[in-house]
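Here's a solo chain for you in structure tokens, the form predicted on its own.
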Amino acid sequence: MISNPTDRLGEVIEASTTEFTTQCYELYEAPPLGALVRCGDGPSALGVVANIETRSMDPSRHPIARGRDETTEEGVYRSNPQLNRLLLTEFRSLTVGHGDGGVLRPYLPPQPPRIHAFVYRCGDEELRAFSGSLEFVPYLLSSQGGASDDIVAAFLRHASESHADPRKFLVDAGRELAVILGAEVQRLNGVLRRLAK
């Protein structure tokens, strides 16, 4: 799939076959938790955003409070323009599939993404095509400890917006979750509650 350079979120700065980390070009411009992203312009890896972090570029220097005399958070950044060069936003994505030649596959790619591969948020068409099969959901549910349920629910909410009938998509996804989590009724109910929000 050919991507528009203006739609780039950032670049891969760390990668394995199971996850990749993206440094955003702009501070605080990460996609939301659960968003589907794609990296690479040829064979591509697809990932679900699992963690977002904003921190100092220099790990030995921690940000300090600067807004005592400001009335808004925006004012802190206006009065301290250097913050945009001292802080960075990164997000980590769990690899859930890959694509090559327009075919999306819901399983891990044979190789991790390349460092400096461009990362894009998937559009509705790509999200709809990929979420047509939820084969990768058990992998998401087994990752990230307690946060995995929130990641799955966030992904399914995003994916539902790309379908013609969002409610039907969520009902079908709920049925599939019931099969996957049948032995964990309390956990299943927790994920279903998160889907309703």
Partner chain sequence: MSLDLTQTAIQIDRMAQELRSRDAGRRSRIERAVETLLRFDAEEYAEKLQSSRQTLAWRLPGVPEDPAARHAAPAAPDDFCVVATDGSHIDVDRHLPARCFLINIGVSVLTYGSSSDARLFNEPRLYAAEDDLVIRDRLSPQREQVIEGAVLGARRTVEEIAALVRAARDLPEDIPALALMDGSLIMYDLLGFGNRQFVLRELIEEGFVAALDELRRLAGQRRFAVASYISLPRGAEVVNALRLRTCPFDVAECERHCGQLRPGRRPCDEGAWGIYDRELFAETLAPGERSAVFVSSSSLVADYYQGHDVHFFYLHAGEEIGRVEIPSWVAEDEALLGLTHALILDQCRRGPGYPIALMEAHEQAVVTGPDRRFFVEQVENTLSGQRLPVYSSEKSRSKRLRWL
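Everything numeric here is computed off the predicted structure, so don't read it as measured data. Positions refer to the first chain, counted from 1.
FYI, the form predicted together with its partner chain isn't displayed, but the following is about it.
**Student:** Are any of the heavy atoms in Ala164 no more than 4.5 Å from a heavy atom of its partner chain in the model of the complex?
**Tutor:** Outside the cut-off, so no.
**Student:** Decide whether Val103 counts as a contact residue for its partner chain in the model of the complex under a heavy atom distance cut-off of 4.5 Å.
**Tutor:** No - in the model of the complex, heavy atoms of Val103 and its partner chain never come within 4.5 Å of each other.
**Student:** Is Leu86 close to its partner chain in the model of the complex, meaning a heavy atom pair under 4.5 Å apart or at it?
**Tutor:** Leu86: yes, in contact with its partner chain in the model of the complex.
**Student:** Whether Ser79 contacts its partner chain in the model of the complex should be assessed with a 4.5 Å heavy atom distance threshold; does it?
**Tutor:** Contact with its partner chain, yes.
**Student:** Which of 62 to 70, 40 to 48, 147 to 155, 22 to 30 has heavy atoms within 4.5 Å of its partner chain in the model of the complex?
**Tutor:** Looking at the partner contacts, the answer comes out as 62 to 70.
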